[in-house]
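The form predicted on its own is given below as one chain in structure tokens.
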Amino acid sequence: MSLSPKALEAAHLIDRLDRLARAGEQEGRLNPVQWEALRYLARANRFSRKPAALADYLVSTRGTVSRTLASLEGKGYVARKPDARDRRSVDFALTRKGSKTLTRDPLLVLARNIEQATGGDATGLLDELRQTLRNAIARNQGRAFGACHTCRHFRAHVRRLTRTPHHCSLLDEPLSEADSRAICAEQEPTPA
């Protein structure tokens, strides 16, 4: 199957945008993988802040992720704590320093460029990029890591008058509104 010239050009543009966005990551105290780890932890729900989930998300080895998290912990960007459900496992969370660092994330420059190029409405671009990502994940037999509220296991508004109005039927856990917007390692897209 031959590619259309426009599809190939779009792939080159995405690659170039990625490189330009990543250029800002070379400045400062963090390397590109450390930036990715911070971004992931900021977006991941409480069930997905484990080294194995981060390794799957980054399509990296567990050893590389372990070293990355140890370095971030040593620099004060993340904190390790025992998993509340399985004490043999650990979770990681951003510290205040990690959260503050993300306010200077070089990827925000690319987001501003997208906002300018789309006139503030990136809906069409998002739909096309999401479909492209779904295709790439399927081709590579990867995990979706989508938002909870788009998962087939998500149950909305099952607990009306509580702080955790939603529920995950896979993990049998309550979900807050913030949880429902976070990405999850267990996410399975709702069938179309």
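The first residue of the shown sequence is 1; numbering continues from there. These numbers were taken from a predicted model, which means no experiment stands behind them.
Omitted from view is the form predicted in complex with the DNA, to which the following refers.
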Please pick out the stretch from 31-39, 146-154, 163-171, 119-127 that is in contact with the DNA in the predicted bound form, where contact means heavy atoms within 4.5 Å.
31-39
Given that the partner is absent here, does D86 sit within 4.5 Å of the DNA in the predicted bound form, heavy atoms only?
yes
Using a 4.5 angstroms cut-off on non-hydrogen atoms, would T68 count as touching the DNA in the predicted bound form?
yes
V90: touches the DNA in the predicted bound form, heavy atom cutoff 4.5 angstroms:
yes
Decide whether Q131 counts as a contact residue for the DNA in the predicted bound form under a heavy atom distance cut-off of 4.5 Å.
no
Who in 60-75 is close to the DNA in the predicted bound form, meaning a heavy atom within 4.5 Å?
S60, T61, R62, G63, T64, S66, R67, T68
